[in-house]
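Okay, here we've got a single chain as structure tokens, the form predicted alone, with questions on binding and movement later.
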């Protein structure tokens, strides 16, 4: 009987491993394809025009090369676009965390008139498509000189990420007992000091989860970057990737190199903080 159970457990383990390998291959397949394309030499249709390529699909390059990565930074201001994405995504992450932390603490620790209505309004604000906000944002930004600026892009991105992170932080702060606040206030801490010294350190997984989600939302957002910017000094990576996609014919190697370089920062950040991210997203899920 024990031998039969061990055999069944072993067979079940084998099928589990096969299933996990299939899912992993399916998930990493596109990334592997992009990497192969990025190290495959371009077959130029016209050597006087860097963006014309007649290269056919190849599964394994016979002569791998990193020339596409060099061309990525030589032929277009890719480094400038990368810098812009980093500035705007980081700025939005910081702004979103500040606004969401203060707002969540107020919602969780204070009782005031219209509290439930404000929470519903935050949820509705998150569900509004970004395209609906474009005309109002364009009018406001034009009036205050925020068009085609990093600050304007940060404020625009926060309109979408702040409501979501606020709801996330409300769930996380709700798991922390009020006794912590009361004990700190007895020791002479103000409300802001309680938030800064007690609540935020204990909410680190939630802050990491909210910050990463805000960063990723901004890093991948194309709509605002395309319509609210007009020069390479402010445009972000999704805009330049669109230009690659619209190339006729497409520049496979340089496009793949750009896609891979654009993906790596987010992938590395996720790998470094995945445990905190999962913990932060799960916060409040079993709160009674």
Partner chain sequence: MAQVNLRKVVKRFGEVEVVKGIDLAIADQEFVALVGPSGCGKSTTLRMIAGLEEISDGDIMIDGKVVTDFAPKDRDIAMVFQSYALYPHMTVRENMSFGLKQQRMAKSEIDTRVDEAARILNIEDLLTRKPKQLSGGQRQRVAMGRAIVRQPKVFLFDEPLSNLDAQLRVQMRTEIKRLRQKVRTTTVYVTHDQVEALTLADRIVVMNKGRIEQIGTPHELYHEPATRFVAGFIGSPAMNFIPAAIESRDGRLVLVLKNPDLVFDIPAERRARYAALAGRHDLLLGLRPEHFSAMTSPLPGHGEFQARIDITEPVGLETFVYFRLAETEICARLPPTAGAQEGKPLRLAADLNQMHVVDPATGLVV
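Predicted model only: the values in this text are computed from it and were never measured. Numbering follows the first chain given and starts at 1.
What follows is about the form predicted in complex with the partner chain, which we do not show.
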#### Entry: Answer range among 186 to 194, 113 to 121, 208 to 216, 131 to 139 for contact with the partner chain, defined in the predicted bound form as heavy atoms within 4.5 Å
186 to 194
### Task
Check each of 204, 180, 98, 79 and return the one that places a heavy atom within 4.5 angstroms of the partner chain in the predicted bound form.
180
### Query
Considering 198, 108, 94, 86, which brings a non-hydrogen atom within 4.5 Å of the partner chain in the predicted bound form?
198
